[in-house]
Every structure is written in C-alpha cells, then in structure tokens.
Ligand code: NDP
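Let's start with one chain on its own, the form predicted on its own, as structure tokens.
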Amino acid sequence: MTQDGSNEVIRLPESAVLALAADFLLSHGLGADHAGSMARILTAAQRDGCLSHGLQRLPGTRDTISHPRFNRTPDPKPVDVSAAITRIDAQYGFSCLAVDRGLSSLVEKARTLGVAILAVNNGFHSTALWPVVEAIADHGLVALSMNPTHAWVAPSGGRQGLLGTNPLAFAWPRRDAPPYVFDFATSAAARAEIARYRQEGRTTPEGWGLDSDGEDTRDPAAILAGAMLPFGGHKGSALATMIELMAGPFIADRTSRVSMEFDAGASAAPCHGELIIAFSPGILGDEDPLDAAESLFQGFREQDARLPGERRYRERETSHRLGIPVSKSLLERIRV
C-alpha cells in the first residue's frame, strides 16, 4: 500500500507533476508566481518520497485559499533591516513565495558577513522545510529553519494543545555528496502523518497523542480532535517552545496559539512566521570545516548507520529514473 492509502500507483515525469500542481493552484485563482512556487515545493516532496508533504496537500489548499485573509496574488519584496538581516512579508499568501524571493539576499549576506537571518512574516504554511535549507546548502552555506504552526501539541505533562508541531530543519554542505539534511517536527509525528493513518484506517503507535479528555489514545481521529504529543517528552517540549519564541516573538510574528486564534475555525493552514538562518562554514577558523565534518559522516558509514536525508536522495534518484509515483486515487481528487 502506498503512503497515501492507495494500491494503484502510476509514475509521472517531474514536469508533469509540476504542471499538475501548478494547474490546480492556478484554477483556484493563485497568481502564476505564487502557484509556481507552491507547485515546486510540493513536487519536490512528492519526488523525494515525502508523500504526506507532497501532492496529498493539494486538495486541502482549498480550505486555506478560502480563508478570508488569504491573498491569492501576493507580491512579497525583501526589505533590508540591517547588514545581516532581511525581512519579507508574505502578505498572507503561501510562505514559499516569500522565501523564494528572500533567499538571494540571505545567501549574499551570509557570504559577506558569515551569518545572516531571513525573517518571513504573515505566511500561510506551505509544506516541508528541507527543500529550502538544502537549496541554501547548495550555495556552500550551513542553514537552519524553523516555524510554529497551530496549537495542536500539548506540552510535556499537559493535556491540551498549546505548542505547534514546530518543524526544525538543518542542512550542512558537502563537496562530494548531497548536503546532510534533516527536517522533523518536534511533535511525536507530523500532523499530516496522523491524518494519513486516519485515512488508511490504521491505529497510531503509542505516545503520539491524547483524546479530547486528555487521555492517551492510538485513534488518529481522536488525536486530531484532541492533542498531539511532543517527541521525547520534556526534550521535545523544550525544543518546540524554543521554536515558538524564535520564530514567533523574536521575528514579531504569531505563536501557534495566536495562529490558531487567527484561523477562527476556518481549517486553513497555519499563518505564521518563519526564521531562516544561514552561516558560512568557515566563519570561525582557518581549518576547513567541510573536510573535518567528513570524518564524522564516515563514522556513520563504518557502523552502517543511516544519515538523515539518505532515504530522500534514494527516492529522488528513483523518481528521476522511473518517474514520480502518484496514486490514482489522489490524481482523481486533484483533477476534480
């Protein structure tokens, strides 16, 4: 069975998947740049086997597009706050377009100063963060990105949602290999993953969430109606809180609880800020940090341990050879 619940899968060229996503978004009134940016990031997730963050999200974008504050045709422009800081307002469109338009400033400043910040405000959540940090690492820079979401996650020891799923992504450049990249939610599972369990009629693993009475449950529908849990107990809760602060008040944007209040029951994607930081890997010394890092990565290979990101790269290579897998049932939903 595929990750999106269908046994029937076809493989399409990347250009066809990109066109499929873009046409869907254009048909719902998004401007060309806006639709193209969102289509590219969804296609990247689908191509790399992250199906819960790929085309599966397209039908749900209709709820976000219907939000009374959503802007179908934003025109975000980067603003220089200082020599090291760029701010860009997504203007209540999907955040990916603002990120795309702010990246060149971030990269240039990080190369010049050694470290730079891109603060994205007022963007509706797009999808995974890893395509952005990987793109920054392709410029030879280290990258870190984070954002709040909605108050779906109970803090460690709590019983009701307060924190977001609050993803954290990191990328480290490498000379003779794709960047080292990780991207994970600070909740025990991504919300889209729990929704996939519900769609497939499966129970979740233990420790993923609580029902509306604050009791442990493995019923994905009950978790979605109740509260998710952080990974690693108090450790995941602390990381999620850090992200609330750094990608919320620090950049003058919403926490997950305020994002949920802003939604006002519209069931749209969270509207929040995103903090992206880029570092020059040679900023603090003369020794080549990329060469030094390879000895650490070699230690993984010596133990036959998987480096985060390797599965995505394998899926990407397969998609390039055979086409990107898309379930027929999902295609029918997108083409309606």
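Residue numbers here begin at 1 and follow the sequence given. Because the structure is predicted, anything quoted here is derived from the model rather than measured.
From this point on, the text means the form predicted in complex with the ligand, which you will not see here.
- Listed stretches are 291-299, 66-74, 307-315, 24-32; the contact stretch with the ligand in the predicted complex is 307-315, by a heavy atom cutoff of 4.5 Å.
- Mapping the unseen interface onto this chain, F182 counts among the residues with a heavy atom inside 4.5 Å of the ligand in the predicted complex.
- Taking non-hydrogen atoms only, H125 approaches the ligand to within 4.5 angstroms in the predicted complex.
- Put simply, L97 is far from the ligand in the predicted complex: not one heavy atom of it is within 4.5 Å.
- In the predicted complex, the ligand sits within 4.5 Å of a heavy atom of L129.
- Contact with the ligand in the predicted complex, defined as a heavy atom within 4.5 Å, holds for exactly one of M246, A151, A137, A190, namely A190.
- Using a 4.5 Å cut-off to the ligand in the predicted complex, each of H53, N147 and P167 places a heavy atom inside that distance.
- Contact residues in stretch 191-213 (any heavy atom within 4.5 Å of the ligand, taken in the predicted complex) are absent; none meets the cut-off.
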